[in-house]
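Heads up, the chain below is alone and in the form predicted on its own; it's given as structure tokens.
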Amino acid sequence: MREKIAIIGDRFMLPEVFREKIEEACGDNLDIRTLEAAWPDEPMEFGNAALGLDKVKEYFGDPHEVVDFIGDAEIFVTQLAPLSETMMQRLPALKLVAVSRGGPINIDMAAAKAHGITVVNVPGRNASAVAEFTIGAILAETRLIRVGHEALRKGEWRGDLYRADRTGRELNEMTVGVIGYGNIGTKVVRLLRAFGCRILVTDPYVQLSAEDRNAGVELVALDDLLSRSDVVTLHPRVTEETRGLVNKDTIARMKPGVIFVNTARGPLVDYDALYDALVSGHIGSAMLETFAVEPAPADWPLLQLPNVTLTPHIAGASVRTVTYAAEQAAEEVRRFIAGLPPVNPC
């Protein structure tokens, strides 16, 4: 009997890449159907009680169209398509959902367990991409890449940036504080070590690797990190404990003139407090990749500040993220078909 697999990809996680990796892992004796959603050219949706998706945090796709497409498939592979309780009730054949992202926030997990549906994900799928992006973000601020670029775009030759009182600093003379030592934070630390900077890490739930300890990386309390760091970069997950972690009080404990980088998530930061600190100069500059509201409103005050670099939540977007996530999802499909336990059950 040919396994029936429904794939809903999008314009990042391409459905044909999912298909290719699944066929490489499982062979071509499969009944696969694919659909391409319009994300990211069209925005994601968020929990909608009217559609029965109140227990789904973010998603893309009409629930009725998703159910019709999945139909009698036993295996469903996606990045963003929603699955709610009412949707699962209409999908009695469904047994495995492979979500190609770090967290299955487009799935009602309680409902999936109640219906006996196994959900798997791809933790750390874009860790390397975000870590590389973070290093680029730090360098953009420390070496005044943004400042020089914006001036030249306006026809200004900022020769004054060669002045000793205005030029940038090298990482080898700086202390960088890394908040969060998970999949991304550990990679950021590994990349930073090559620059010869002092590295501080805070994370109450992990210990440093032997490699990092031997390289002189320090595991410290949050207050210690904030008071000593010339650069602070965020990498924790959003939890009740970390929501609003960067706020008026924690910013006040940072060194004057600190560089702040957020390539993690918007809810980690009180952006009103950040704005005030950037205007006052207590935070010298910031690189922001994620925001309180996405897409960021055109009239958002932070967009107007001269000491901020901004990008539209693209740190995790790379070609390798696509192929890696598809490979991991394909391996979960292979294991399911072979009767093996999943590698990354949710």
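Throughout, we count residues from 1 along the sequence that is shown. Quick caveat, the model's predicted, so the values are computed rather than measured.
Below: the form predicted together with a small molecule, not depicted.
Contact segment among 96-104, 154-162, 70-78, 270-278, judged by heavy atoms lying within 4.5 Å of the small molecule in the predicted complex
Correct option: 96-104.
With the partner left out of view, is residue 233 within 4.5 angstroms of the small molecule in the predicted complex by any non-hydrogen atom?
Flag for residue 233 set to no.
Wondering, does residue 126 line up within 4.5 Å of the small molecule in the predicted complex on heavy atoms?
Residue-level check for residue 126: yes, a contact with the small molecule.
Does the small molecule come within 4.5 Å of any heavy atom of residue 237 in the predicted complex?
Looking in the predicted complex, residue contacts with the small molecule include residue 237, since a heavy atom lies within 4.5 Å.
Could you confirm whether residue 115 comes within 4.5 Å of the small molecule in the predicted complex, counting heavy atoms only?
Result no; residue 115 lies far from the small molecule in the predicted complex.
Pick from 190, 228, 143, 265: which has a non-hydrogen atom within 4.5 Å of the small molecule in the predicted complex?
Comparing distances to the small molecule in the predicted complex, the residue within 4.5 Å is 265.
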